[in-house]
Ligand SMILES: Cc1cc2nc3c(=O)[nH]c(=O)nc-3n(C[C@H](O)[C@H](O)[C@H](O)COP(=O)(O)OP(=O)(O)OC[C@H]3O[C@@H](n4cnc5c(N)ncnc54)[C@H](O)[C@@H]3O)c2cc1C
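Heads up, the chain below is alone and in the form predicted alone; it's given as structure tokens.
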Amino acid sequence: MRRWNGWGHTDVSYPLPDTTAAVLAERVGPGSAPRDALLAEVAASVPPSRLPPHPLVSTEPELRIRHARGQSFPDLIVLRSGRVPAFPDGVAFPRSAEDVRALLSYAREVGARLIPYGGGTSVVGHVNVEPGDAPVLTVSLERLQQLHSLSEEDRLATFGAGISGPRLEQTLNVRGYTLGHFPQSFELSTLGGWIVTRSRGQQSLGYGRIENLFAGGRLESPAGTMMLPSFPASATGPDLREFVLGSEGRLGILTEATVRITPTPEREDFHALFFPDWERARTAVRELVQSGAALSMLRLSTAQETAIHLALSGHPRMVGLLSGALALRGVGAEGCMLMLGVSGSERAVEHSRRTALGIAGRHGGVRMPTLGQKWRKGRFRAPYLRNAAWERGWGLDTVETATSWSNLPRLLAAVESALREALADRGERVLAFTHLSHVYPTGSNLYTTFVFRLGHDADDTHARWLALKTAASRAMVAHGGTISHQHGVGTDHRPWLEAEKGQLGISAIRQMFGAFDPTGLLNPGKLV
């Protein structure tokens, strides 16, 4: 069963090793675990539903709690404190596009606002219910999980948009195919959610981003049904798929999606390499991606993140032996770890591996056997750390952006500096560390984790988080970074969107939303 007030399943955890807790206590101060509200306490606060009965709609209190928020840090605060400002009045579970159209009509008739809900993994407020006079209907797509068609000749597959990452991959794998889209939220997120938030997979360097994989589909909007045919290419004006990508539930509900699939690779290798310092590591990664080598992933950690990751292993003796071996080969305390993935045929993987290791070696890169495969086995566990940190009195969250290679050092320094200084007026310290998880020939993303002490109550904790989020976002905008590389906009990034899109761009987006949803029925307040 999924947790109602944190990340993931109740039978899965990622304990915070004592060695890591000691580092956090030293760097940011000792944590003090808050008292969490019980589910029964929150259920007692759920008000009566304002929706009239409908056969597809449940008004059961626990369901309404579980669909009230996503997985952002503010969501964690309100759920753990039990101070949820608003709940959906009902949760619907359509089984078909026709059911979705019926729910759109129902919402229009009763004056309700409607929020599409995939896996509920949004970290920027996409699925959150805001207080208001109109009733709110959350539409869960979890029953739209069917494989509608798969063409081996065309290498296209069409699924219900509510299918989860693991089920999608399992369905394709037994037929010899993969989508290759593995975001950090893979275990819980859905195909439709990936598309409408423009998500990135960990191996997008090889398999492509979601906008490359999304070939077409079906959108049910208040203004009608829009079918998106899966042409290999078309010159018929603006691509309507681009309207849907990143639309965040404002245009309509994506009920099915056609994606471009790839044969399951004969071989996949993951290698861990260590470089003597950040500058040599960054240069090596830039040369690797610009070389055109057939790699599926490049993930580079700064020296500080490298040290934190090794501490998270919970095996200080092993880390000591690793550090000693690296020191003998010229990698010391400033060492930076690179995870490198290669996927494809046996011959292609071997050729790409040799090419990549050759480039890395010219910049002092040292390969450490077995660490890459260990990373792969646990690569979806990281979000569970937020639960563990909270339970020991620390807040853990992330921000992400992207910029050109030439601007990367300036932006990295600005974001980390802004985070470290954001709580100085409160006498609090912040730990911030970064990795590059998605790289391109022209630039890279920056994915920065920050850790801080929880406040004395929920309001104080939220104030601390908001100061940190605001400081990092201002630094991104001021130093040439996008406000969001892979998490979308939701409500958390909305204040900074105009700086990137401009007034005319925001106006055009609003007019497009109005064409599909003239009365503002869908997910109001999100994105713009």
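The structure presented is a predicted model; accordingly, all values stated were derived computationally and were not measured. Start at 1 with the first residue shown and count on from there.
The same protein has a further form, the form predicted in complex with this ligand, not shown here; the description that follows concerns it.
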Can you pick the one in T158, Q184, T262, S323 that has a heavy atom within 4.5 Å of this ligand in the predicted bound form?
Q184
The one option of S352, T302, T401, Q71 with any heavy atom within 4.5 Å of this ligand in the predicted bound form is Q71
Options 77 to 85, 118 to 126, 170 to 178, 365 to 373; stretch whose heavy atom lies within 4.5 Å of this ligand in the predicted bound form:
118 to 126
Please state whether all three residues G193, V196 and E248 have a non-hydrogen atom within 4.5 angstroms of this ligand in the predicted bound form.
yes
Can any non-hydrogen atom of L446 be found within 4.5 angstroms of this ligand in the predicted bound form?
no
Answer yes if any heavy atom of R64 is within 4.5 Å of a heavy atom of this ligand in the predicted bound form; otherwise answer no.
no
Look up in the predicted bound form whether T306 has a non-hydrogen atom within 4.5 angstroms of this ligand, and give yes or no.
no
Given that the partner is absent here, does S343 sit within 4.5 Å of this ligand in the predicted bound form, heavy atoms only?
no
Any residue of 246 to 277 with a heavy atom within 4.5 Å of this ligand in the predicted bound form counts; write them all down in order.
E248, G249, G252, I253, L254
